[in-house]
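Single chain ahead, by itself, as structure tokens, in the form predicted on its own.
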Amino acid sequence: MLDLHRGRILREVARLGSMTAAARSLAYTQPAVSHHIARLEAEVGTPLVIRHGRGVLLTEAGRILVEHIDDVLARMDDTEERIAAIAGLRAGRVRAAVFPTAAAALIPDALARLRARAPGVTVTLDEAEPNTAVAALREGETDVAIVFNYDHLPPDTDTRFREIPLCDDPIRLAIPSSHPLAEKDEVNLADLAEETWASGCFRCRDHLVWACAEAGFVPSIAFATEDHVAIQRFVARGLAVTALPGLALGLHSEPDVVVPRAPALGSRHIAALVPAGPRPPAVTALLDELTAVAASLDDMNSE
């Protein structure tokens, strides 16, 4: 019988492309990693890696073995989750990939609720923009991807995923309080055609450009940063105008910035993506709490 522990080591060597990097990742010495790979090769009776420059490559046998190790480990994870269900959520783990504003505005409250309900469930979080989060879900590197999209962008139609809508996040205009339009409750984008703009992540920037094009102009974007506080400070100093999602404005409100409505900006749609099919109970529990927290935000937005 093959040693699964050595199989994990081979998988890490394959992932990182070198014995040295795998040793560093696993907190082993490089000779120890080499020894385990040599023992594994002796068990299967054929080479699994070949030297290539300063690293190593898998042989065909090594590639096949790593694929089967991935399958075995995935089945073990599934078994652990099933046992957690029997234990009544006294255990379990969830990996989540979440875009920054949701990581700050949705996740903390959801995790606090989950801890009160199921303190034995462990959740780990990676901050990731939607495209990266979806890629991680596709590769099996996360269990839940919290993403957002806009109406004019094509939806993710991957049938391997199921989408759980969470809330709509209205996009608001942000302009200096000294701006001639600052006293208006609602502003037309076309009235800002000659302004200098600041923008956020590439997906939000694409949406801004699209909305401005619909209003008949191309925005002059001078400042691009994913830091929503920095964007608001550019606006507060009179250097730019911008469009920001409601979640970001709820997390930080800069003095000397006003946020009139701009219907042309619409909303972004926030959702959780999970693999299709049966869900582990820990994942279902997290989704329940995310849905509850998002519903409370939707209620506030509708007031």
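The model shown is predicted, which means the values in this text are computed figures rather than measured ones. Start at 1 with the first residue shown and count on from there. We call the rigid core the largest set of C-alpha positions that still match within 1.5 Å between the two forms.
As for the form predicted together with the DNA, it is not shown, yet the points below apply to it.
- From the list 61-69, 233-241, 36-44, 263-271, the contact stretch for the DNA in the model of the complex under a 4.5 Å heavy atom rule is 36-44.
- Judged against the DNA in the model of the complex with a 4.5 angstroms heavy atom cut-off, the residues Arg6, Tyr28 and Val56 are in contact without exception.
- The DNA in the model of the complex comes within 4.5 Å of a heavy atom belonging to Thr20.
- In the model of the complex, the DNA sits within 4.5 Å of a heavy atom of Ala32.
- The DNA in the model of the complex comes within 4.5 Å of no heavy atom belonging to Arg115.
- Of the heavy atoms in Arg160, some are within 4.5 Å of the DNA in the model of the complex.
- Although the DNA is not shown here, in the model of the complex the stretch 211-246 places no heavy atom of any residue within 4.5 Å of it.
- Core-aligned CA deviation for Val13 between the shown form and the other one: 2 Å or greater.
- Taking the rigid core as fixed, one finds a CA shift for Ala23 of 2 Å or more between the shown form and the other one.
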